[in-house]
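Here we start with a single chain on its own, the form predicted alone, put down as structure tokens.
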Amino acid sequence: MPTANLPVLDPAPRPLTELAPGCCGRLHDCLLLSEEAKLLAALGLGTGCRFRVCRAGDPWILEVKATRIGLADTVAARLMVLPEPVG
């Protein structure tokens, strides 16, 4: 049975700032102060959470479930994510 030529995603965590608009991923780790990480978790962006990048740049706009969250570049650069297939 033929297989489609699907892109292979690198499973290594990378900074959120390396993802392009339209890409999906999961939050792997926060290189933030505990209080900052708790605030993001309260907004719905906790470890293991799936998201989609709506806008890259300052601010980064992420869609988490039915909510959009804006993040400064300095915060986005300290979020380590695992890219996932769109869908």
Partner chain sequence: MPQPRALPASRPQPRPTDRQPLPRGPLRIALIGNPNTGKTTLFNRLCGLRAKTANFPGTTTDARVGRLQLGPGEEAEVFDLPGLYRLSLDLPESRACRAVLEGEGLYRQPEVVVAVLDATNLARNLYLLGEVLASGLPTVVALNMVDLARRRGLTLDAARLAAELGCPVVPIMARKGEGVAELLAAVARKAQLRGAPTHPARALADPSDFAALERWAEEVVEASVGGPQAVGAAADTLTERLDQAFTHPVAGVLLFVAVMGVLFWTIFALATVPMDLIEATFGVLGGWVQKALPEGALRDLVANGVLGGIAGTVVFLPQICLLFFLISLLEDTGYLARAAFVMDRILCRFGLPGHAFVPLLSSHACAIPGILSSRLIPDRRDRLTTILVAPFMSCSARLPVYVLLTGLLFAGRPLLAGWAFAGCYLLGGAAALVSAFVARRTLLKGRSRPMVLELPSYKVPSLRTALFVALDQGKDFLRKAGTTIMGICVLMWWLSAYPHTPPPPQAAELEQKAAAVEATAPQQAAAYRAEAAEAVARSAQAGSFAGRLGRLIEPVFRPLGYDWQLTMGVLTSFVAREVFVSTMSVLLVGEAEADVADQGVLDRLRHATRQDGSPLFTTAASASLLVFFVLAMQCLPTLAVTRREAGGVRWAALQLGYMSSLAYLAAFLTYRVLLALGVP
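Numbering follows the first chain given and starts at 1. Quantities reported herein were computed from a predicted structural model and do not represent experimental measurements.
Not pictured, yet referred to below: the form predicted in complex with its partner chain.
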(request) Answer for Cys30 alone: is it within 4.5 Å of its partner chain in the model of the complex, judged on heavy atom distances? (result) no
(request) Report whether the minimum heavy atom distance between Leu16 and its partner chain in the model of the complex is within 4.5 Å. (result) no
(message) When the contact criterion is heavy atoms within 4.5 Å, does Ala20 count as touching its partner chain in the model of the complex?
(response) no
(request) Spell out, yes or no, whether the shortest heavy atom distance between Ala72 and its partner chain in the model of the complex is within 4.5 Å. (result) yes
(message) Suppose contact means any heavy atom within 4.5 Å; which members of 51 to 66 contact its partner chain in the model of the complex?
(response) Phe51, Arg52, Cys54, Arg55, Asp58, Pro59, Ile61, Glu63, Val64, Lys65, Ala66
